[in-house]
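The chain below stands alone and is given in structure tokens; this is the form predicted on its own.
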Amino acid sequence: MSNVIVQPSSTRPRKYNVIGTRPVRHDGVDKVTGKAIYAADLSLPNMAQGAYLRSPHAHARIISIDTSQAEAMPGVLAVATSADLPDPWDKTEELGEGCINYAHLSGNVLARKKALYRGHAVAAVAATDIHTAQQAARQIKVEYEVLPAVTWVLDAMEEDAPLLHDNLFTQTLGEKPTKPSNIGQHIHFEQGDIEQGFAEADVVIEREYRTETVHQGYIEPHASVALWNEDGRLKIWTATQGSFTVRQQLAELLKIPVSKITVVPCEIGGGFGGKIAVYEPPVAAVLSRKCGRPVKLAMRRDEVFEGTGPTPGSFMRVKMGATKEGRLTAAKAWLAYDAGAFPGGMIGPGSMCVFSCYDIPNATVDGYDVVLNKPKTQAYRAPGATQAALATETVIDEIAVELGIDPVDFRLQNAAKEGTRRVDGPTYPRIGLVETLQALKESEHWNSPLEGPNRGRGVACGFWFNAGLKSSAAANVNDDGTVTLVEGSPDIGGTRTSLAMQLAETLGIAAEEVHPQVVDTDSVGYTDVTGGSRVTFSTGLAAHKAALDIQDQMIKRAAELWECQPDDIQVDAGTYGYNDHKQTFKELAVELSSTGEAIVGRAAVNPQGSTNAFSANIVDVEVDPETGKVKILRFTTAQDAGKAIHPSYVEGQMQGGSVQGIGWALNEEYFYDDRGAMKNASFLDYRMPTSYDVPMIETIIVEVPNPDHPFGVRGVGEVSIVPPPAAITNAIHQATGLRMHHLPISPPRLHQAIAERNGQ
């Protein structure tokens, strides 16, 4: 069920021929027939197979590594440890959705001196077959000095906590500490007068929250094939969200020029932010260089859980105040996010997003990035924002209940709008939160009754910045009047088609007449990651400008053909006209193909700033008081898309993020024992929602055009995950009277709370 709401504006909404339609995705046939090539499908002549040896300890000093027994095994071709990687250096770089420090990245790829979490890669083997490689990896002898481990963020912040890094000093705005700690960074934002703000409030509520570590849950495990050729060139086929960022990381880790590296992005079976930083590509590369063969290195599912980057666990304290009339006066947040084994987690965006849905004149935020003995955290769909929204949106709900104000009306009264200043500094341009909340309020769901015992309805909203960043595209006009679009954004959610549609709209042709190709790093200009909800916006802008380049060339060539000036030619919806001359794009392209050079459009863009996405949810739940099980009865999500290029894909992003948010709220978490070992590293034990757990997610697409894009596009891929946990928590309160402050609200956790409330 979906509604598209075009918001009124000072001008009549623009009419489109392609944008807003629902063509079949260009890669659909290959995907549904199994012909699409993923990294694990790749097989090269004489290819070796790789396998890892990983630490069985959560925290241990590596005394020695003896690879001799493994190397002596028949069929073993090479063994790699951190000694085979160049010495790293302390250099930090932005990867498009989070920063990376190369010293830390190198130490994460293969452990140096210490194993910092259970599953930390220590060595790898290449052999003639996978079974020999796995057996040989088990023959590597590692002597460890086992150290105390810490896996909870507040424990890691204690003075006497086990220290992971002797050289980690907290980055602050003040004086640099002289003593190392597990706190990598302290972020502080403020605006207004926080004390005065709380003094003006009639209602002040402060609550504490805890969330557990959650994995992105992509279906395809990490896999790469590396071929380090005799001429010194390295070619990598990999499952990645950013082929250029892989190239960038490999150049730094292996200390070779980017010009000697080609990265081929294979089809990708999900990423959600977890396939940006590299894991296996540099290891496969080292093994290939040592054995002189291409090497495939693919992870098992338990390796994905234990050895790649999930989202951070968190502890949060949020305090908010409002007048009796319902005006927010002050807000204060204290956030501690775990970064995993190395600093540089998601505390930055979490601190920026925590109050970003509201116009709050007085606010402070303190955020802490904390290392502990868990895998290095990575981005996961609006990284850091979901945790922060849980805290803010449940306090908002509690204030609304205390004041007796409808929860949607309370949010509308305080919603951020054009001109609102965020606590971290930026002032909003035209945004669509008010329209999104209004659409929710006017929805059939909100205005329908909810009847029956143990049932509740909750609402929440969420924010994500969205990114711009660099993108390139080239488009070749073919002899038959079709166009081949060459671009560098790996396609996770149908972006081949959303880009082709923007090019087609600009040229006045059908989406089916554009053939989009995602190509390697040698075949297109630099393009940042598929992440940050940027591809349809930024790479779409590059496709649009490449189409304009084509159009300019077509006009000039037509002017020569028709013996007129280029300014004399009019272009309307793909038809070129001058006096009695009138030809469609296809007709003109066919004619021009025999009269001169090929027509190739090119563009490179680097749009700055964020495109500001907002989402709001209504959710109905039913709680079984005997078991604590929560059933989702109905779920509606409204989101400002700016302009929905392909509404089906927008709906899919909204639904997918909502389902992931349901998983965060009710089931998903890493279970660690007292030695820091994950006990549920499989999809059997790591409980993700299935189709049996969720209803059809109803979507409302709100369109408040982004003034910084020719078609009004805002990114849509991430913000949908932000509100669901808070909305579900608020619905559970209405159903049970209980305020839950610890995610996930699993049946045992909720059952215990019900029992304690009932004095059992």
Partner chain sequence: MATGNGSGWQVRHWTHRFFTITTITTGAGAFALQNFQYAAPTTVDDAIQALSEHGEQAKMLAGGTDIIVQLREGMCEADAVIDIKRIEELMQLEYSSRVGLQLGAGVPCWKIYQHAELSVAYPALVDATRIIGGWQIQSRASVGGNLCNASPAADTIPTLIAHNAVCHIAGPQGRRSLPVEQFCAAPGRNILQPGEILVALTFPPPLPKASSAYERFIPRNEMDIAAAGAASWVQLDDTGERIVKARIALGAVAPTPIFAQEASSWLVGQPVNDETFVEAGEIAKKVASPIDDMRGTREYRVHLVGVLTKRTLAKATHRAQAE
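All values reported here derive from a predicted model rather than from experimental measurement. Residue numbers count along the first chain shown, from 1.
The form predicted in complex with the partner chain is left out here; the points below concern that form.
None of Ala598, Val146, Ala83, Leu684 but one reaches within 4.5 angstroms of the partner chain in the predicted complex through a heavy atom, and that residue is Leu684.
Think of it this way: in the predicted complex, the partner chain has a heavy atom of just one of Thr323, Thr172, Thr690, Thr427 within 4.5 Å, and the residue is Thr690. Figure note: of the listed segments 639-647, 541-549, 510-518, 675-683, the one touching the partner chain in the predicted complex, with heavy atoms no more than 4.5 Å away, is 675-683. Contact annotation: Glu93 falls outside 4.5 Å of the partner chain in the predicted complex, judged by heavy atom distances. By the criterion of a heavy atom within 4.5 Å, Ala298 is counted among the residues contacting the partner chain in the predicted complex. Among heavy atoms of Gly737, none comes within 4.5 Å of the partner chain in the predicted complex. The partner chain is not shown here, and in the predicted complex it never comes within 4.5 Å of any heavy atom of Lys441.
In sequence order, Asp624, Glu626, Thr627, Lys629 are the residues of 618-633 having a heavy atom within 4.5 Å of the partner chain in the predicted complex; the partner itself is omitted from this view.
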